[in-house]
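Only one chain comes next, encoded as structure tokens, the form predicted on its own.
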Amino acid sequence: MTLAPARLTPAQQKSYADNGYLLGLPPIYTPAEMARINAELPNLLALLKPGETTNEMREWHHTSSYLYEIVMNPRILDLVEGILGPDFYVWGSHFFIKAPHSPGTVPWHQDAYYWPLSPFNTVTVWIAFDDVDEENGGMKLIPGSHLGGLIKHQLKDDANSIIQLELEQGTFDVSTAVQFRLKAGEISMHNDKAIHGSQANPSDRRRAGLTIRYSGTNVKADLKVSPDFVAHLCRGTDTYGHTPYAAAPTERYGRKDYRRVDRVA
């Protein structure tokens, strides 16, 4: 089975601009391809140190060709180009894996609040390693919430929270939140200012996903805050010169100990 190339339609581009996300996109991988990817995942998980969780698996695409091949998949890049234009790079990846009966949650937040990047011009691709829905803790997002700018976050005092910060209560309305449902091998896309989160996984099914962060070449990282920030140019040229670039990894599986300093409340 071969998947045909796909690009965003004008209607999809408008929907993203209006709502801050896209679902219903063409699959990136066939079931057979996704089975092979999942078969390799334990080799990466084996690199976690005692006491670490999969939440530590950030930016490992810099050191693992296994992940680098995913983040540079032309089928993904074709879709991202429909949002960011012809010149963009990939800098971030982060696994969010909820085991069956996991209490882990991702509180309501905006990605851009965490990142020392400017201007706002980043797309997050969420690729499903498993079928994802409301039963196993699939993501929810508030349409149009990216249009209001950044909202103040506060520290989340909850051992089950996968991230440290959450939006202050009363600053947003969850009544319009959309439940994301994806099959393994499919992706969603969302704006860096869109409000989103996910609940625990009480089901008997794993919920594994990989987030990938793509930014236009006009986006500059504050290297005083994130001194290890590096990227890989995906498409086009970088005429700005803001961003340090890394060579493609040669090792199949490798971990990266990333000295990341996220924004605090």
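Sequential numbering from 1, following the sequence displayed. This is a predicted model, so every value here is computed, not measured.
A second form of this protein, the form predicted in complex with a small molecule, is not displayed here; the remarks below concern that form.
Heavy atoms of no residue among L141, V178 and R181 are located within 4.5 Å of the small molecule in the predicted bound form. Checked against the small molecule in the predicted bound form, the candidates Y113, F129, F96, F120 yield a single residue with a heavy atom inside 4.5 Å, and that residue is F96. Though the small molecule is absent from this view, in the predicted bound form it lies within 4.5 Å of a heavy atom of just one residue from N201, S198, S215, S64, which is S198. Although the partner is absent from this view, V80 stays clear of the small molecule in the predicted bound form, with no non-hydrogen atom inside 4.5 angstroms.
When the small molecule is considered in the predicted bound form, H146 lies well away from it, no heavy atom lying within 4.5 Å. For S102, no non-hydrogen atom is located within 4.5 Å of the small molecule in the predicted bound form, even though that partner is not displayed. The small molecule is not shown here, and in the predicted bound form it never comes within 4.5 Å of any heavy atom of N73. Stretch-level contact check against the small molecule in the predicted bound form with heavy atoms at 4.5 Å: of 230-238, 50-58, 36-44, 206-214, the positive one is 206-214.
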